[in-house]
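Shown here is one chain on its own, the form predicted alone, set out as structure tokens.
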């Protein structure tokens, strides 16, 4: 169960109305508009709460997404590239986010650097189709995963801050 702060953050993300995926042509364009509006609101809310932690952009068709995410630990910023494709069965199927540079560094990851969202996030997504979108994926998928995995990987010495590596 999500804590109260998470519930509040998620309640401020606009829900989506259009049940369409990449194969749905005109409806997909409407869904993409809703996705961008939801993502923009989520990023604005994060900035207002001094909790800015990712950037995303997509290809022209909105089927391939990429960007950066970061996690602050002990006042050091750890930054990672992220990427994902929109599944052909979207929004019924949630995208699988990959953090390629962490591939093979944690058990909570699949081949290719795709983070494990199976147990906690995917059932929640399935109950909220088509209302959930990419902003929800970030807030309830990648965000909590980073919050748990990155400090653990740092503590185990699996990843180091870039400045410490250069010394």
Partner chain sequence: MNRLFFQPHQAGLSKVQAAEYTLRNINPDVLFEVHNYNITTVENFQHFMDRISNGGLEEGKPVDLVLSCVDNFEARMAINTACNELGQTWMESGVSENAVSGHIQLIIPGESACFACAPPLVVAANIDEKTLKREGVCAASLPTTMGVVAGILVQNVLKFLLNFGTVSFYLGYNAMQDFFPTMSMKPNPQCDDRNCRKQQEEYKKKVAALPKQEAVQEEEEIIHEDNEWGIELVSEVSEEELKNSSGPVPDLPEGITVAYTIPEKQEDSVAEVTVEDSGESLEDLMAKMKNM
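Positions refer to the first chain, counted from 1. What you see is a predicted model; the values in this text were computed from it and never measured.
Keep in mind that the form predicted together with its partner chain is missing from the display, and what follows is about it.
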Subject >> Check all three, 89, 114 and 131, heavy atom within 4.5 Å of its partner chain in the model of the complex >> reply: yes
**OP:** Please run the contact check for residue 17 against its partner chain in the model of the complex: heavy atoms, 4.5 angstroms, yes or no?
**Re:** yes
Subject >> Partner contact for residue 156 in the model of the complex: its partner chain, 4.5 angstroms, heavy atom >> reply: no
Subject >> Partner contact for residue 33 in the model of the complex: its partner chain, 4.5 angstroms, heavy atom >> reply: yes
Original post:
Quick one: is residue 59 in contact with its partner chain in the model of the complex, heavy atoms, 4.5 Å cut-off?
Top reply: yes
Original post:
For 21 to 37: residues with a non-hydrogen atom within 4.5 angstroms of its partner chain in the model of the complex?
Top reply: 22, 23, 24, 29, 32, 33, 34, 36, 37
